[in-house]
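As a starting point, one isolated chain is supplied in structure tokens, in the form predicted alone.
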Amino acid sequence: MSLLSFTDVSIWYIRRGEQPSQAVAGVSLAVAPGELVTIVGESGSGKSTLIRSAIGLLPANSRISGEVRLADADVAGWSHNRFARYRGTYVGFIPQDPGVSLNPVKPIGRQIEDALRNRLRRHRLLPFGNGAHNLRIRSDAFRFLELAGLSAPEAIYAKYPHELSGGMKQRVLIAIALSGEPKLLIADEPTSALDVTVQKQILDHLDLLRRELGIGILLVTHDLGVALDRADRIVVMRNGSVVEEGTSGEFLHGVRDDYTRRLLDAAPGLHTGRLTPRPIELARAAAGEHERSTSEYAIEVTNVSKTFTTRRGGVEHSVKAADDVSFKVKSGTTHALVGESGAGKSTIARIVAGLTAADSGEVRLLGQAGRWSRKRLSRSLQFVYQNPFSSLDPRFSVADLVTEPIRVHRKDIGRRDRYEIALELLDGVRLPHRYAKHKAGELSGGQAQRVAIARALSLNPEIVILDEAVSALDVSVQAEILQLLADLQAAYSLTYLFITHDLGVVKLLADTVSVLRAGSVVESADTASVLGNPQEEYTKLLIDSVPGSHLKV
């Protein structure tokens, strides 16, 4: 018998004064005990809406048809109260973002104990104020933290969420999901915000749980590489419908649907070579034709170190974010800084960009050392951040956002000319002119990142620093942005400093790479050498963690 089955399920959202919007259209799939099934698709494909119908988390304005069965019960359309009997005890849910899902003002132990108490009270197994039960609950909290792969449960128990890493917080969510001893786990993008090494650890642990406990797992992801690595069966969704399903072997030996092929092509771990630049229509130099550097190296970092000191509880704590870091980036090439969170990548990028001062060492840009003025630096170097929405003012139109650096640094260029420049820059990043009058909130993540890139190019810089600029995007959108960066680099002779935790992305774009760990460079060479013949165990671990990297497509 299936733990969970969807039979011809359709889901609509009803909004006053509008036609019903269909999010899911006639989907059927099932999950058996001990089986891992993945649902793969881009944002908006309907995958999260579908799984939320199985745990009673659809909004009040939703309507559903078809059967959603948990064991022998058809739960389609049940109220939140009726779902309480199943949620937690029969089915556990692991959400995507632990930073949002965990209560920031409660210790971890309290949050797991609350989940345990709620389950026991629902089943009338826990009298209020019973001391013996409280001791048993505390002991169970330790057990579930350990079961979720946290090696020091007593220490984790007393900590607050902000004191834990992203991977540790995700394991806490797994512990909470396991606390009801469910037969089925539903995981909605549980690793998309994590470093690839931490992602591998979390997925390895979910595999272990299903093998040892016989738990069925329904895993939602946008990365077909993750699905091919892990799943017994893969279901691909697009625009609310299933377009293809099968085993990993069937997908590897030939997919039938063009959309599935596109997802395969977009997965970084499944690529075998670098991206080839495509011709692009050049926008005129927005800030005028200023003289370009003739230096062999655009960036030279020599023996740079940086220590941050914080005070907690009256005690000073020092963290060495950069420790004697050196590397060079040839003009017109891409150098990647790779490592896990806390490796020091972003600190080094900020030092290069003049946003953070180094304690020691030297940075030379375009052959020149010393402190650059803000205006001169802006003309030569621009930054593109991980989350475009955090750097795009929601009050401005896209045209104004793109040309904001020109408005600040070039008073001689009027508003009408700036608008024409904006249109040319939108052409350059392949966004239609109609978006010029849109606001940032009206854009998708990929469109917003194109706007951020266009803005970075508006002063005709020679160096662009990209700090995790594609890590928050669906893999298919990520592939489009990476190809765009390759096209723009060839067209404008740009030098990129590319910050990432994913070596699968590095091999598509980077000429050279430095692998960082705890602020130090552990390996640095051309990309082909590092990926083809890594010298350090840490580099081998990063390579092994890329989803799908060992598969032959």
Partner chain sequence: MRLTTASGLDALDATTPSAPPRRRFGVLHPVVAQPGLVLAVLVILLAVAFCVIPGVFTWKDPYVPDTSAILAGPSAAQPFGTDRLGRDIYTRTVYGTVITLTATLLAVSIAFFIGTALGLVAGFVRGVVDLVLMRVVDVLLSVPGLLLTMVIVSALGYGTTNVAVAVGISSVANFARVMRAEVLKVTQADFVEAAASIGTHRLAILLRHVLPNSMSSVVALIPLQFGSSILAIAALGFLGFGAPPPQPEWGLLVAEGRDVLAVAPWISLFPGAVILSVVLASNRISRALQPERGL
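Rigid core: the largest C-alpha set superposing within 1.5 Å between the two forms. Not measured: the values here are computed from a predicted model. Numbering follows the first chain given and starts at 1.
Keep in mind that the form predicted together with its partner chain is not shown, yet the notes after this line are about it.
- Taking a 4.5 Å heavy atom cutoff to its partner chain in the model of the complex, the contact residue among A152, A369, A357, V408 is V408.
- Here is the short version: of T302, S293, Q386, T197, the single residue with a heavy atom within 4.5 Å of its partner chain in the model of the complex is Q386.
- Using a 4.5 Å cutoff between non-hydrogen atoms, T49 counts as a contact of its partner chain in the model of the complex.
- In the model of the complex, D474 approaches its partner chain with a heavy atom inside 4.5 Å.
- A residue is said to contact a partner when one of its heavy atoms sits within 4.5 Å of a partner heavy atom; D323 fails this definition for its partner chain in the model of the complex, lying far away.
- Under a 4.5 angstroms non-hydrogen atom cutoff, its partner chain in the model of the complex has G445 among its neighbouring residues.
- Judged by heavy atoms within 4.5 Å of its partner chain in the model of the complex, the contact stretch among the candidates 227 to 235, 326 to 334, 435 to 443, 250 to 258 is 435 to 443.
- For the stretch 378 to 402, the set of residues having any non-hydrogen atom within 4.5 angstroms of its partner chain in the model of the complex comprises S378, Q382, Y385, Q386, N387, P388, F389, S390, S391, L392, D393, P394, R395, F396, in sequence order.
- Once you line up the core between this form and the one not shown, the Cα of T527 stays within less than 2 Å of where it was.
- Annotation for A23: C-alpha shift of 2 angstroms or more between this form and the one not shown, rigid core superposed.
- Relative to the superposed core, H80 shifts its CA atom by 2 Å or more between this form and the one not shown.
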